[in-house]
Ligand code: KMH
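As structure tokens, one chain now follows by itself in the form predicted on its own.
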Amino acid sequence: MSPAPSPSTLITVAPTGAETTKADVPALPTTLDELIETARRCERAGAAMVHVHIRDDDSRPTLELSRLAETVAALREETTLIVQLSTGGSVHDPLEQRLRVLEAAPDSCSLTMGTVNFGDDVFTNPWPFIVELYQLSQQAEVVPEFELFDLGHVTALARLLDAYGMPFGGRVHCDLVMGVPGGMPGTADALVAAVTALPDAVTSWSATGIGRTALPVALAALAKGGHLRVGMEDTLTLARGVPVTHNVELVERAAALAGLAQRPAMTPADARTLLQTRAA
């Protein structure tokens, strides 16, 4: 059963990801300075949370703990955004490194609820890893965002909450990741099916449409009362043949859609209340 619609919309920006290369997409923010500039502009445009992947000096994905901690500190210094670190990293990152992400003390972390084919690769999330990461998030007082790539992940979320209780803050927020080759399709029908199957404990949810599914998913999510995640991690074009030149374009479009739905973009302060993160 889906929670009651919120009067405003949480917009999360995912600016970088771990799949796209800087060589292929020069506009991708991969340095700390680029990430900070992106976060500032996206906050002004309506984003309330930033979902962070980081890169090394050669623009390759990394989970280096000192860089993660530096990034969290800089984002807190320069913005009021909720800082959410990815614990997925790259599909090639070992589970041990992914568990250590919480040591960088983010406000929130992603927590994927199962293994999924990811294009030609496999995004591995075995049950013991999910449980350990969840318990670490409870101990570290980090609010998890449960990433659901398929209906089986929805069922796994119910199992996790039944076995290990509520997350830090007492709210359950999840994100439907739709349109990944290997996961659920980015369609309104799939979104409604996933939302209908959510556990009663879920208090809020957002949706992410990959690639060309970005707009259909965003429109369906707003119509169903959900929130939005957008960004160059997930979408590199605004329309066929029209590349994204800055993440702010995707945030501005999401904020405009939320306004048309009469559920305007919420502030970071309101988002902290929604998710019950630690005080800023």
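Worth saying up front: this structure is predicted, and the values here are computed from it rather than measured. Residue indices: 1-based, along the sequence shown.
Missing here is the form predicted together with the named molecule; even so, the following discussion is about that form.
Checking 108-116, 158-166, 73-81, 197-205 against the named molecule in the predicted bound form, the stretch whose residues place heavy atoms within 4.5 Å of it is 108-116. This chain lacks the partner; the member of 188, 131, 151, 91 within 4.5 angstroms of the named molecule in the predicted bound form by a non-hydrogen atom is 91. The named molecule is not drawn, but in the predicted bound form it has a heavy atom within 4.5 Å of residue 233.
Using a 4.5 Å cutoff between non-hydrogen atoms, residue 227 does not count as a contact of the named molecule in the predicted bound form.
At least one heavy atom of residue 18 is located within 4.5 Å of the named molecule in the predicted bound form. In the predicted bound form, the named molecule stays beyond 4.5 Å of every heavy atom belonging to residue 55.
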